[in-house]
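For reference, the chain that follows is the form predicted on its own, supplied as C-alpha cells.
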Amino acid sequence: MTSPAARARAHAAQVVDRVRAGRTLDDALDELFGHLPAGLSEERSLIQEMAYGAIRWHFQLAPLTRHLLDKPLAAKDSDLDSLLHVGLYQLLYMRVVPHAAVNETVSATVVLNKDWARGLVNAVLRRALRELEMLRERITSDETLALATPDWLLARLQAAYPEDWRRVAMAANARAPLTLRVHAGRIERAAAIEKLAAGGYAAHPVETVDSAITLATPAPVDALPGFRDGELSVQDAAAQLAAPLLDVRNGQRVLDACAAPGGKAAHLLERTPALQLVALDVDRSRLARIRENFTRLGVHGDIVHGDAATPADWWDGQPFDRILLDAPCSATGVIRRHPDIRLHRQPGDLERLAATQARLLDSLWPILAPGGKLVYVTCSILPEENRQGVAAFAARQPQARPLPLPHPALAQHARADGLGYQILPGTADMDGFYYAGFEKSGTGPA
C-alpha cells in the first residue's frame, strides 16, 4: 500500500511529464485534480508545489539529472525522468527531510506501475544526496544552470536589456505574489483589506495601482472573504492598468478584442458600468469563462464569438469609441506565473506572433471611430512584439497618433520607448507588460 506522500510525488511526475510532452501546466493540473477525490487539499498543494517547481527549474534539473544517470532513460520511461526531476527539486529547493523525500519518491515508482525502477530511482537520488553540495556549487558557477532559461531566450534578453538581462531572467524564477483587484463598485480598497485581515489574510495596497492589493501569503482564492461575492478578482497589478489607460466614459462603445477570460473587460465595467461593451474572443470554449466572471462580479456586457482579425464576420457596422487589444503574444513577461512557457515557446514563434499582432492592429483600426482611442497590450518583454510592432503600425497608419499614457505606475515603474511603456517582470512586484496607445485623427467622438 503506497502512502499519500508517494502518490503525490507520482502525480506530480505525471503532470511534469505531460507538460514536457506539450500540455500547459494549468491544463495538466486541472485534469489531474478533476480525477482526485475531493478534500485532499494538503496532497493537492504538495502536488502543485512539486510540479510547478520541477517545471520552473526544468533547464537546471534536466542537465543535473543527466549527470546523475549512468545512461539516459528510454523515451517510454519519460515519466521516470520526470519523477527524478521531482525528486531532485525536493532535495534542492524544498524543506523536506532528505531521506523522506528519497524514500517517498522511490515508492512513487509503484504508483507509476514501474516498481522495477525502484533501485534506479533510489540510486540516483541517493547519489544526488551525497553530492548535494557539489550540485549546488555547479549551479552557482554555471550561469546557464543558475538562470534556468533556454539559450535562445537568454540571447534575446541580452540583446534587449544589455544591463539588466540577468535581473530579468532571475525575476522569471521568482514566485509571483497573489495580487487581487478590488471591485470598486462593491467595496472600497481599505475596507477590502480590513475584511481580509478579519478573516486571517494579511494584505497591503499596491501604491501606484488604486484597485490592487497583494496578499502577504498566497491562499486559495475561493476561501478569501469577498471573493465569491464579487468584491475581489485575481489579477496582477500590471494587468490592472489596462482599464484606466483606455480612458472610457459612460455611454461609449468599447471593444475588448481578445477578451477571455474576461478580467480586463470586467474591470472596465466595474469602473464604468454604463459602457456599451463588447467582449470578443475567437476561442468559443473560453467564452464561458467570461460569462462566469461577469456573473460573479455583477457586470453586464455583450459576449461575442469572433475573430478580431475578421471584423466583417461579427461587427454590426457601428464604430467603437475605444478598443482594447490585449494581443496574443509570447507571454515572456509572465513566466514566473506560467513557467511552462519556457518549455513550450520557441524562437520561431516570435515571427508568427508578430504577424498576428500586426494583422489584428490593421484589422481593428478601421472600426475605431475618428477621435477614438486604441490601447495595445502584451504580456511580453520582447521588442519584436512591442516597440517594433507598434512602430511599424504607426508607419502604416498615418491617422494613428501616439498617445501619452499618464499613469503613476508607468511613470515610476515602466521604461518609455517613445511609443509605449515596458514594465519588466519583478518591477514593483508586477508582471512584465507592455502598453501603447493611439488616437485616430479626424473628427468624431472622443
Ligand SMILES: C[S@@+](CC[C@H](N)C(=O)[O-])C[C@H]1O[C@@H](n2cnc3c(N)ncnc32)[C@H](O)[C@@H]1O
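Quick note: we count residues from 1 along the sequence shown, nothing fancier. Treat the numbers as computed from the prediction; the structure is a model and nothing was measured.
Keep in mind the form predicted together with this ligand is missing from the figure; the text below concerns it.
*Asks:* Choose from 280-288, 130-138, 153-161, 73-81 the stretch whose residues reach within 4.5 Å of this ligand in the predicted bound form, heavy atoms counted.
*Replies:* So the stretch in question is 280-288.
*Asks:* In the predicted bound form, is there a heavy atom of this ligand that lies within 4.5 Å of any heavy atom of Gly230, even though the partner is absent here?
*Replies:* So Gly230 does not count as contacting this ligand.
*Asks:* Should Arg322 be classed as touching this ligand in the predicted bound form when contacts are defined as heavy atoms within 4.5 Å?
*Replies:* Judged by the heavy-atom cut-off of 4.5 Å, Arg322 is well away from this ligand in the predicted bound form.
*Asks:* Within a 4.5 Å heavy atom cut-off, is Asp326 in contact with this ligand in the predicted bound form?
*Replies:* Yes.
*Asks:* Although the partner isn't part of this model, could you tell me whether Lys373 comes within 4.5 Å of this ligand in the predicted bound form, counting any heavy atom of the residue?
*Replies:* It does not: once this ligand is placed as it appears in the predicted bound form, Lys373 has no heavy atom within 4.5 Å of it.
*Asks:* Could you tell me which one of Ala260, Leu196, Ala354, Leu297 places a heavy atom within 4.5 Å of this ligand in the predicted bound form?
*Replies:* Only one option qualifies, and that one is Ala260.
*Asks:* Identify which of Lys264, His183, Arg336, Arg253 has a heavy atom within 4.5 Å of this ligand in the predicted bound form; exactly one of them does.
*Replies:* That would be Lys264.
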